[in-house]
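Take a look at this one chain, the form predicted on its own, written out in structure tokens.
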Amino acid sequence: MRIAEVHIHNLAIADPPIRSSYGLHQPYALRSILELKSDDGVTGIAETYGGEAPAAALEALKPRLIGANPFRLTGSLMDLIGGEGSGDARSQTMLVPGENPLDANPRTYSAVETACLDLIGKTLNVPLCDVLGTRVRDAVPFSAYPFYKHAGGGGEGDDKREDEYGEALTPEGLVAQVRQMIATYGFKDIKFKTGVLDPDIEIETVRQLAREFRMPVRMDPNSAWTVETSIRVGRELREELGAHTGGYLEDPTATIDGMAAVRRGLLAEGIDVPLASNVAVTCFADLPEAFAKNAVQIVLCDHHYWGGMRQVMQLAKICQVWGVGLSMHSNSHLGVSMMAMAHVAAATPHLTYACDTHYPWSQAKDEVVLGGRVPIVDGVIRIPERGGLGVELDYDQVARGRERYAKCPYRKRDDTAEMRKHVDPTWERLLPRW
């Protein structure tokens, strides 16, 4: 079997005006779909970050893909796997996921690996998690992922969308948003994006979420706080975010040293609020320092920028050896990434927390999976007993996504520009802000 054709699709999908410490989401999120078609007529697919740079990187790789054996291809591309650098330069402290050139190669490798594994699985009629060989669960739990949000449903002009969730800029608004997500998807955990409003408002929001839903709550301010503020929040929310609840505090402050100082400060007061990271820790080279300094008790994996599914499985084993938990990061995505996340999670024994997902924020109108959106029922995605990822592309929907991309003005994610356009013309991302 050889790869006979390679196709790359640039897509835009509507994204509502949700907030984080990075700023405000644009009306469209950008995604790339990679297709690898074998000489047997079977097609493997993958989804990754979108825009000009990710698509150009995949395009440049075409000569190494055409004619390659998908069983061996990823081994021949190992020069891409390491990426460059570690620490602050490689982190997502100042750059949003998918926009740091230092992890561009692992992101490209991951897309190729996923498409190869999907192609192999479909050819053999074996689910992708069984190609990986270590399936430990048939159903993968995901978390509700609420955000502070302005009014609007995403899209622009004639493509402006209905606002499914409405504005949510108060504790009560967030509770209503989560109630709606749980009613629709049955989530059993909550991952709450913070670092947007005054910490006291966000503390009150977490308290209301914990009281209302009585399920694990995790809080992620994306490095918006000082060490002192982080310790204060951990102190005030020790009952809501403590290890005994299944909660955690994710990237409250910037850098591994900052995280280590927060952990020391909390433990000095007898407070066991675990710290998680997908900002300070984003590659294998970050792990020795992070573990040695006890800066991170949970790592958030992501096969898109860690370098693929098998890299996530290696990360999981390292975390298990060090007694560090594992969760899964998410970005705005469609059903192809949703299924890829589910398959790697199904094959990763040491996945100790429900995974993040932005999937409730995407819309059926944009979905490129044949048959429509991937179902999340009772908070889980079940692995289909079909080959590979278990999904195919709806090419009419792919064409609509390509047309949307061609018409929209966005070619990379820029949350700062969107904040300046709609909220505050002088806005800057300040770290720490509080």
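Quantities reported herein were computed from a predicted structural model and do not represent experimental measurements. We number the residues from 1 along the sequence you see.
Below: the form predicted together with ligand GKR, not depicted.
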item	value
Contact label in the predicted complex: residue 278 to ligand GKR, heavy atom within 4.5 Å	yes
Residue 145: touches ligand GKR in the predicted complex, heavy atom cutoff 4.5 angstroms	yes
Contact flag, residue 333 vs ligand GKR in the predicted complex, heavy atom cut 4.5 Å	no
Residue 329 within 4.5 Å of ligand GKR in the predicted complex, heavy atoms	yes
The unique member of 263, 107, 149, 193 whose heavy atoms fall within 4.5 Å of ligand GKR in the predicted complex	193
Interface residue in the predicted complex among 325, 216, 97, 360, criterion: non-hydrogen atom within 4.5 angstroms of ligand GKR	97
Contact segment among 153-161, 333-341, 255-263, 220-228, judged by heavy atoms lying within 4.5 Å of ligand GKR in the predicted complex	220-228
Whether 32, 303 and 366 all lie within 4.5 angstroms of ligand GKR in the predicted complex by heavy atom	no
In the predicted complex, residues of 399-426 near ligand GKR [heavy atom within 4.5 Å]	413, 415
